[in-house]
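To begin, one chain is listed below as structure tokens, in the form predicted on its own.
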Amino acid sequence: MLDYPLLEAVAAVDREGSFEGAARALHLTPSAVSQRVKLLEERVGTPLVVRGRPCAATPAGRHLCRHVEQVGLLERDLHGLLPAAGADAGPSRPAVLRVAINADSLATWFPGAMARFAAGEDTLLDVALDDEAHTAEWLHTGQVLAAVAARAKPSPGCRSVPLGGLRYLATASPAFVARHFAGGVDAASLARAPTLQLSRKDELQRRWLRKVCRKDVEPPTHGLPTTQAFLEASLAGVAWCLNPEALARPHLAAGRLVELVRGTALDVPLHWHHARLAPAAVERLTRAVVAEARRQLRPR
């Protein structure tokens, strides 16, 4: 039988990034948190936390963290059905539901889904960011209970719900266009003009280039880690890039950005993946996500 106070100590260290932060969250001393983590490591026979700045769970520790989070969600469901079952337990920490989202969804439509969910919930969301081509792997490996992903096919034991398309426009500032595309936008000028990339996993700009040029083009590329940084860099004339239409639209209307090639919008289909045998909070979040996606994303 697993000792849940020990599990909660490991999960708190992973969540807070330090023993001191975990101690504050659990109303314990850092020494007590350290003792609990060490005791559980001795019982399971493997390290569960990488001590560093920040501290983080090992792969084995992550599985235990997800387990204790799921138990917290299931207990919330049980207390909702049987209020007396938790009457003597005293105040408890809010349950945490961990999900994986791509950065552009988080910067555009997903906060609306969070607001819908939070309106009737005290469950907290812990959002992990990754490229939409890789978020489903977080669910497959048990690191999250749900994910926004580009692929339609669900992992075994999971369900996939189509959400709609997130539309992108290739944009740049008027000054950047005058400097780099005075002779027109073609494969040669696109190969010379700097663009942006969120991470090495980010293939969005390359996909648009293949669509427009009908071949692979490798332009010089700046690395920037956030959707907002993409938008600000394009407004400042640093590079051209694909910005979500929802973010680019007011700047296009005001003339601060221009579309490189009209009629070449790129729609990325998104799907909501979640475990079939999941706590009720996942179903409630699913309803909020689907409703907001239908409002903001393009129908597929």
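The first residue of the shown sequence is 1; numbering continues from there. Remember, predicted model here, so these are calculated numbers, not experimental data.
Keep in mind that the form predicted in complex with a further copy of the same chain is not shown, yet the notes after this line are about it.
The stretch among 229 to 237, 266 to 274, 28 to 36, 250 to 258 whose residues place heavy atoms within 4.5 Å of a further copy of the same chain in the predicted complex is 229 to 237. The candidate spot formed by Ala115, Glu137 and Asp216 lies fully in contact with a further copy of the same chain in the predicted complex, as each residue has a heavy atom within 4.5 Å of it. Shown without its partner, this chain lists Ala150, Leu129, Val161, Val71 as candidates; in the predicted complex, only Leu129 has a non-hydrogen atom within 4.5 angstroms of a further copy of the same chain.
Interface residue among Gly157, Pro174, Pro94, Gly184, judged by heavy atoms within 4.5 Å of a further copy of the same chain in the predicted complex: Pro94. Although the partner is absent here, Glu292 lies well away from a further copy of the same chain in the predicted complex, with no heavy atom inside 4.5 Å.
By the criterion of a heavy atom within 4.5 Å, Ala56 is counted among the residues contacting a further copy of the same chain in the predicted complex. Residue contact check for Val212: none of its heavy atoms lie within 4.5 Å of a further copy of the same chain in the predicted complex. a further copy of the same chain in the predicted complex comes within 4.5 Å of no heavy atom belonging to Thr141. Applying a 4.5 Å heavy atom cutoff to a further copy of the same chain in the predicted complex picks out Asp216, Glu218, Pro220, Thr221, His222, Gly223, Leu224, Pro225, Thr226, Gln228 from 214 to 228, in order along the sequence.
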